[in-house]
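This document starts with one chain, in the form predicted on its own, laid out as structure tokens.
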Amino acid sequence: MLKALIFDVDGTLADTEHAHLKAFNQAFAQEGLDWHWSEAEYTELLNISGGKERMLHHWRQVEPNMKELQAGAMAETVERLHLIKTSFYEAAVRNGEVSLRPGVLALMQEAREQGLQLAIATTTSPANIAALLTAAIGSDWRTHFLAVGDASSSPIKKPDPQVYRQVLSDMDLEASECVAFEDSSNGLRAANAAGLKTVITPNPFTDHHDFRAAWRVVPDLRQARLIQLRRWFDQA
């Protein structure tokens, strides 16, 4: 029996990546760096889960011979950049530059009305989740979700299944009782590794990914209403 729906955040709940890209470039400019990621570069960087990890990867690519004068100096710089970037992203969300993808709120409402649990399993930060869902659902957004797994609680990023396993444990449910929603190859691999049936809703940053291992691929969640999910689930 289907008992819970588990959602990724960036790219799945909302088309956030343009806002993230803009915020990264704003942070780089504010800190006087000559980095400026194009959309093509950022699309490639999205193969690496986690904003801090993307910045470290880029830094090592553009300055492969750089040596730290003090242990941890690079990590401290990346941490500061990420905090600045997050503040720019939160401002974008508050200004209405990011909204939930079609069908997301309707599916969540249907699930809650019919007694299903909701959860989040993402590699993004708690601040990013809170900014998005406060704007979309309200200040009580956390009460809508039985469990929330994020970068703070599951530091090993997708495609590792750590965050999904954490969320399943927190909900005290089996993978066979849940459906995951993702938008990327890394997310699909993580959910599948945790034993979950995975519905993919691609976006412009991920529509070139290989989704052959997905349970279902749909343009957006208007094509995955609860009655359809139950039908697919019963046929599995």
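Given the structure is predicted, the values throughout are model-derived calculations rather than measurements. One-based numbering along the sequence shown.
If you look for the form predicted together with a small molecule, you will not find it shown, but the lines that follow are about it.
Site annotation in the predicted complex: the residue of 171, 27, 175, 46 reaching within 4.5 Å of the small molecule with a heavy atom is 46. Judged by heavy atoms within 4.5 Å of the small molecule in the predicted complex, the contact stretch among the candidates 182 to 190, 57 to 65, 27 to 35, 207 to 215 is 182 to 190.
Put simply, residue 128 is close to the small molecule in the predicted complex: some heavy atom of it is within 4.5 Å. In the predicted complex, the small molecule stays beyond 4.5 Å of every heavy atom belonging to residue 195.
At the 4.5 Å threshold, heavy atoms of residue 82 reach the small molecule in the predicted complex. Within this chain, residue 162 is remote from the site of the small molecule in the predicted complex, having no heavy atom within 4.5 Å.
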